[in-house]
Structures are given as C-alpha cells and as structure tokens.
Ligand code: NAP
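Presented as structure tokens, the chain that follows is alone, the form predicted on its own.
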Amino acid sequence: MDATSPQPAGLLKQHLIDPEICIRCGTCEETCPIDAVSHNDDNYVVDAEICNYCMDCIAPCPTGSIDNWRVVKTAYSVDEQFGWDELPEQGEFADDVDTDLMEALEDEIAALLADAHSGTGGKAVAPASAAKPTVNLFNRSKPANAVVQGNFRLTEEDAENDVRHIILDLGDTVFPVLEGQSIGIIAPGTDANGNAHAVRLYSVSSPRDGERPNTNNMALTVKREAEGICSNYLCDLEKGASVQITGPFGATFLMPEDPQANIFMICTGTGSAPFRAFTERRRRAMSTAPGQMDLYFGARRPEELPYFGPLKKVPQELMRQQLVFSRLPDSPKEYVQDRMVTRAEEVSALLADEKTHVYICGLRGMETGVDESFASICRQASLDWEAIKPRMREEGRYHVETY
C-alpha cells in the first residue's frame, strides 16, 4: 500500500509519539528524512503537516514509543503535543462519519506498520511480570533537585576513558525509578546561540530501593566525552553539589519480576548501567531465584571496564560472567558477539527457553554483530532465529537500547 495514499474524506491518520514510553534519545529526529520530528524540553513530536508516512523512524526506535497512531478529524498541533504527559485516547466519531472509511483507514495503518516491522525493528513490549513504571513525573519546567553524595572514578587513572559512578541523593523528593529506566540531567548554562542545553539521559545503575537498601538515592554510570557538555558537567561535580533532574523515562526496558526468568545481558561500556541495577535487584530480592543470569560485557582492556573489581566479586551462582576484551597485548581482538559464538551450546539453550529475556545495551554498532551471532548460533542448533526473535519481542522478552 502506498504510504502517501489519500485520506478518507473528513479523517486523518496521525502519527504520534508516546511521551510515557519515549526515552528522549533523539533517534527519530535524526532518522526522519523530511524533518517532521522535533522536540522541546519535554517531548519529541511529529508534525502532521510534514509527515508523509515514510515509516523510516519506526524500526530504529529502541522503545516503540514512535509506533503510535490516532484517527482524527483535526490533527493535534505540535504545540499541543509538546504539552502532553500521555497520549490522548482514540476519540469516537459522530454517526456522520462512514464506518467503512474508518475501518479502511485503520487497515491502512496496520499495513504500514506491518511493512515497517518486517525488518529488524518492532514495537518494544515490557516483560509481562515487570513492575508498572512511573514516567515523566518531572520535566525541565518542573525538575527534581538532587544532591551529589559521591563521585567515584570506575576506570583506572591511566585508562583512556574516564567513567564515573555518581550517587544522587533525592532527600524528601518522591522519585520512583525501576531497573532499566533513565533520568534526564539538566546541565546549567546555554549554548552558543543562547539556548538552554538539551536534557541528556542516563540509565540508572542502582536498583529501585536505592544504592543501599531503603535509601532515597540513585546511581548513574557516566563516561566523560571530550566535547560533552553534560558528561563533563556531571563528571566534575563534587560531593554536596545540587543537580536538576527530570523523568523517570522508559516503560519497556524493564526487568522481569519473575524469579524463574533467565536474564541474558549483553553490553559495552556504560551500557552496563541498567545491568548493574538488574543484578543488585535480583541479589537483594531474588537471591535464591532458579532463573539464570548471564552477562556478556565488552571493553578494550580490564582497566577500562566499569565495575571490573566489583564484578569479580559477584558469585557465579548469581550471575555467569563473560568479560571480553578487544585490546589485550599479544591477544587477538575479541568482541562480545565472538564470545557468544564460542559458547554456542549454552546460548542456544537459553534462546530456546521460553523463560529467557534478552537485553542489549551499548553503542549502536554492536546490535548488528550480536544479531548475526544469534542467527549463527541458532543455525548450528537447528533453531530459527528469524522466528524466535520477533516472538520474543512480542512477548516482552527481547530488548535493545543502543545509542
């Protein structure tokens, strides 16, 4: 079906972004070839006067927030969307609207989405057993205030990457956050054009009950970027400094609460943040859980792998670890996808298990390599990865968050 086909008389199919699920990563705005997507301090939105339903933004979205539609008589304006905390319900139409036209329009949307989802993308779904997240409680115009309790360097002093573990105390502020969610950081000051800096998102690396049990604080894992306004701001903060935060964000990249669930985690660098939260949650709340936890964690050298020391103390009974290094002296380069192939029997058994949940977090380039390794491993085990992957996604058991 042609994405630009005429609309039925009196009706419009409008493409919208769900502000409750969106993590404000900017992928949709970067992907859109006609600049139909824009954002303010709170939301990413689609301009109905520009959008031509090309669907280029659907597959790259890591959360599925981009995959939302409403049939309307009059399009919601960009300004209206900027003010939303949640999507409006699908409205009902008067009897003068032809039901057949309405159904035809809904069928067209379904066909467009089917085409968009036929690739590697697809709408993200939270695990069935996951706790219900709170989202968008605070925004730029109404931020929460936190105080730095600690700022610790995780990588060695001679490592090329400066990665920090930063603990934020919320004081009396109620800021509920689940493992896998993110928060926004508001860096002070303005850019060269006098505009406020964009809010930057960081995954929370502590479990829901705090860095220590029953403390109203949270931890972030932050890598200093040479030109990064917000990362340098955070990495330079001293104990006692005040920070403005927004969120929480994210409603799908969540941990299953089922103690029987297997949790298969694949990451590089600061992509380890949500998995530290997952591990601590299971250690505290489900330490005798029969479900298996597996971590494949890639870095250039041990000195540059965040949490390398603490990870070595995590018992194998809680989590099996594969720490993979690509720049070891006198050793060939190895990446997480390579290590997965060497452990194909173990990995294929997990993929065949209906209780397994897969999480991938890190640099965007890793997703393709991991997907190819899964396909290769499944072929060796006479499994069909092309059938397994979409089923896992539909069941809320396959999650990708790359940047």
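Numbering starts at 1 and runs along the sequence shown. Nothing here was measured: the structure is a model prediction, and the numbers come from that model.
One more form of this protein should be noted, the form predicted in complex with the named molecule, which is absent from this view; the next part is about it.
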| item | value |
| --- | --- |
| Candidate from Thr246, Asn262, Thr221, Ser206 lying within 4.5 Å of the named molecule in the predicted complex - any heavy atom | Thr221 |
| Cys28, Met366, Ile377, Val45 - the one with a heavy atom within 4.5 Å of the named molecule in the predicted complex | Met366 |
| Three-residue site Asn161, Ala273 and Arg300 fully in contact with the named molecule in the predicted complex at 4.5 Å by heavy atom | yes |
| Options 76-84, 195-203, 131-139, 312-320; stretch whose heavy atom lies within 4.5 Å of the named molecule in the predicted complex | 195-203 |
| Contact flag, Thr268 vs the named molecule in the predicted complex, heavy atom cut 4.5 Å | yes |
| 4.5 angstroms heavy atom contact with the named molecule in the predicted complex for Ser326 | yes |
| Arg284: touches the named molecule in the predicted complex, heavy atom cutoff 4.5 angstroms | no |
| Contact of Tyr335 with the named molecule in the predicted complex (heavy atom, 4.5 Å) | yes |
